[in-house]
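In the block that follows, a single chain appears as structure tokens, in the form predicted on its own.
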């Protein structure tokens, strides 16, 4: 077979895998948004079936043949990158038995259903058996992928290639110390930020109208995506032309929907902007979840929580807001949005305390995976660490150990990517300030210009480059947590007037 015919056969083979992946994601999206409660068991069977089929393709001799062939024969850099990624997929897939891959996928569906019921009823005991099974399967998966020495590192590589627990254990203490110091300064400030101005009744339909317009403003293509409602906001990118995002509405706190949409919208921009040359291939994914999260946080926090943003969008906000909001100025809105107070719920946390939630989960995950913490003791340890890190104790399971779906979804090793994303976003924003005067663009609601700048420099390449390589190319520096510390210090020093 000629080189060109081999190339086309390779791309067709990858397209077949892509069809399975899209189908699985559509099934999972439906499970989070529309499936009736009695449909979960059968859905788990279907997901298990397609997951096993995909795993068989990824671990096949055909996959090995094509990756070896194009690594050796291709002079096309993109095709070689694709072949190397396929080699990585093959290596991982062949380490995991097909039976384990199927059981893992099925257990995720079952665990997510158990989590949703348990969370609604605030009853951890209902989730505990499913979580125990999820941990056991995750441990088995980590043992297959890793060297038997560090389960967490093996799982972390799936989400953040190149990152290790050794690096995290160097970065996190420095950041934790700075955050605790900042929190203490805020707590001793004489300035009172009153959020009662904004926690007033705001109908969901009117919140949604603002959310849809903000998505348009940042460059989200509504013809290639959709907005739905779910218990936990998420983004599913089936394809660059079909990106599903969700948010949740609280009629006494519009922040959940608006910032949820800006956050998931940031994820969606990444998913909608992969280069046409990598679509329908394994390279049409974010370089890492840390970089993915950096874009969600960039749009939610650095842009969406800025003074310039609320000045530019005051008219849009008041167009849809109830009468009780009409006398609030843009500056009052901005200030009220930045109350710092330790809270129980991670997704509702302010910018200073957010990463403390992540470090808590990171420490617990390591204990669970290393059999140093049992699921029986998990709620108590969760509560103890919440008290130690944030100075508050959850009154129930719903607001404590059951608040996140991640462990039900098998996302062990994932939580650190949130704080890494915070660090990446701070560093990327510094570059944006230097290169395109981003604050002026935000003030004039020229947000698509920011999207246009990021697309060729970050979004288009997908998984063609490693995250730290992309970060260095984009910012001309290696990862520096000081940018995040400086951002938080300067912002809250101004709001709370401390030295």
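Everything numeric here is computed off the predicted structure, so don't read it as measured data. Residue numbers count along the first chain shown, from 1.
Although it is not shown, the form predicted in complex with another copy of the chain is what the next lines describe.
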query: Every residue of 115, 123 and 235 near another copy of the chain in the model of the complex, heavy atom within 4.5 Å; finding: no
query: Contacting member of 46, 443, 436, 466, with respect to another copy of the chain in the model of the complex [4.5 Å, heavy atom]; finding: 46
query: In the model of the complex, the one of 339, 239, 176, 318 near another copy of the chain [non-hydrogen atom within 4.5 angstroms]; finding: 239
query: Interface stretch in the model of the complex with another copy of the chain - options 61-69, 468-476, 35-43, 448-456, non-hydrogen atom within 4.5 Å; finding: 35-43
query: Residue 327 within 4.5 Å of another copy of the chain in the model of the complex, heavy atoms; finding: no
query: 4.5 angstroms heavy atom contact with another copy of the chain in the model of the complex for residue 223; finding: yes
query: Close approach of residue 30 to another copy of the chain in the model of the complex, 4.5 Å, heavy atom; finding: yes
query: Residue 16: touches another copy of the chain in the model of the complex, heavy atom cutoff 4.5 angstroms; finding: yes
query: Residues from 253-288 in contact with another copy of the chain (non-hydrogen atom within 4.5 Å) in the model of the complex; finding: 280
